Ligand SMILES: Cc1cc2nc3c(=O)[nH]c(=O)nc-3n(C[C@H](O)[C@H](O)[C@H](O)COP(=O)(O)OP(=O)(O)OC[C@H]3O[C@@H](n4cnc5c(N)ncnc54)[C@H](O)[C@@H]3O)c2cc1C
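One chain is shown next in C-alpha cells, namely the form predicted alone.
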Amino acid sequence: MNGTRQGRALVIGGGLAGITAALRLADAGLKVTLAEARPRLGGLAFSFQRGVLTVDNGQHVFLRCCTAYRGLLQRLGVRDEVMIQPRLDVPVRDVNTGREGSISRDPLPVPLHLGRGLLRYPHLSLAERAATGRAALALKRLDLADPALDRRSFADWLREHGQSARAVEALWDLVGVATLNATAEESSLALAAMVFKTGLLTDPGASDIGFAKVPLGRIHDDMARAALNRAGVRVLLRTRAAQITPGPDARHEVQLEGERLDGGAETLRDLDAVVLAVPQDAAHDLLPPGSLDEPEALLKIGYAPILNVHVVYDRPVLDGPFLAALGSPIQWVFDRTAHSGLRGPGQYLALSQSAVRTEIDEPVAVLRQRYLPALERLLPRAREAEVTEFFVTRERTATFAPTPGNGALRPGPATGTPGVHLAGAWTATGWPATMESAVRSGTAAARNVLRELR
C-alpha cells in the first residue's frame, strides 16, 4: 500500500468464510466492506422463526479439533454459548436388535484411547472389531499429502483392509456420512482419511463433540454482526455483487446491487482486494477472465444435499442430547427443545439426514410416512406421544461433493488476477465441507491478501 492511504477490501459473501476474512482484514487495518445477498449473515448455518420455535436449518456440530472455528467463536465473544463433551460419547441404537452401545474414548494416549470403546461396541462381532482396529492403524499411516489418495474411494480402501459391509454401516459410515455428507462409496480416500486421522487418531480429545447451546443465528448472525461493527466493517445485507472489473495497479471496481443501496446500486472503486467467499458456481460467474487456468473446474466440484426432519412431540421421547441409529432410515436425531424456545412438556427433535440424493425432493407427506414410524421404532416412548408439528428443511447445495477426484478441482485462495482471492469451505483447505473448513478458508484468503499487499 502506497503512502498513508488505507487499503480497501470488499468481501463478497457473509457466511463463516466471509465473516472470518472480513474480521482478519479489518484487524490488519484495511477498510472493509462485506456484501451479503441474504438478509442475514451465517451462510448455511443459520436460524429462522417458525411460530414459537427458533429453528436451526441443520444440526451443525463441531469437534474439539476444529481449532479455527473455535477461534472464531472466541473472536465473536460466544465461547460460553457452546459446549463440548468432556469426553467423546455417541450413543448408537440398533432398531433391529434393540442393542445400544456407544462410540466412546478413554483418557489414554492415541490409539489406546479408543481400545476399550471398540472392544465393547456391541454392533460388531469380535472379528469385525479386531479388523476395524487394524484398519484404523493402517489409516493412521496414510500420508494425507499423497495426491493418489484423492483418486481412490474410501470404500475401496476399506474393502482392501478387510472391512465387512456391517463394519462400514455400523462404524465407518456412521461417522463418515455425518462429517463428509457422503457414504464411503461416494467419498474420496483423501477426505475420509483426513476426517478419521484428525478426529480420532491424533489427539485423544480431538473427536469430542461440540454444539451450540443457543440458536445458530444468535452466533453466526447477531454476534457476528456485532463483532464486524466493532471492527469497523461496513456490512451490506440483501446486496449482491454484479460484476468485478479489474483496474490498473491491481485495483478493481465492483458493481453492487441491493434494495437498501441508494438508487439500488453502488460501485466500489479503487479496491485493493476482493475476496469471493461465495459458493463455487457463484465464484465461477464472478471471477474476471483469466483468474483460473481452468475456471470450468469449479462447476465440476458439484454439491451434496442434506435433509432435516423436524418433529415436535407433546412429551419427552428421547433421553440425552442426541442418538445415532442403525437399521433405520434415521441417521442421527437431536433434542433441540432448549435451543428452540419451546415451552411446556413437549420435546422438539430434529433428524439430520446427510447424503440423501433420492429423498431431498420428496413431498413432506411421504417423508412423514417414512420417518414417524421409524422414530417410533427407534424411540419406544414416541408410540404413545402425539405429534404436534412436523416439517422439513432442505439444503440441496449443503456441501460440496467429496467424491474421488474433487480434491484436484479445489483451488487455493490465490487467483491469476492480482487482488482477487477465493474463500469458502469448497476451496483447498484439506478439510471436508464443514464450518472448520469455511473458517480456515477465510483465514487463508485474508493472509493471501495481506501477503500480496505487503
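Not measured: the values here are computed from a predicted model. Residues carry their position along the shown sequence, with the first being 1.
Missing here is the form predicted together with the ligand; even so, the following discussion is about that form.
- With the partner removed from view, the residue among Ser153, Thr239, Gln163, Gln347 that has a non-hydrogen atom within 4.5 Å of the ligand in the model of the complex turns out to be Thr239.
- A heavy atom within 4.5 Å of the ligand in the model of the complex is found for exactly one of Leu72, Leu375, Ala273, Val278: Val278.
- Within 4.5 Å of any heavy atom of the ligand in the model of the complex lies no heavy atom of Leu23.
- Proximity of Arg410 to the ligand in the model of the complex falls outside the 4.5 Å heavy atom cutoff.
- In the model of the complex, none of the heavy atoms of Leu53 sits within 4.5 Å of a heavy atom of the ligand.
- Mapping the unseen interface onto this chain, Pro402 falls outside it, with no heavy atom inside 4.5 Å of the ligand in the model of the complex.
- Judged by heavy atoms within 4.5 Å of the ligand in the model of the complex, the contact stretch among the candidates 412-420, 25-33, 59-67, 383-391 is 59-67.
- In the model of the complex, Ile306, Asn308 are the residues of 303-320 with at least one heavy atom within 4.5 Å of the ligand, listed from first to last.
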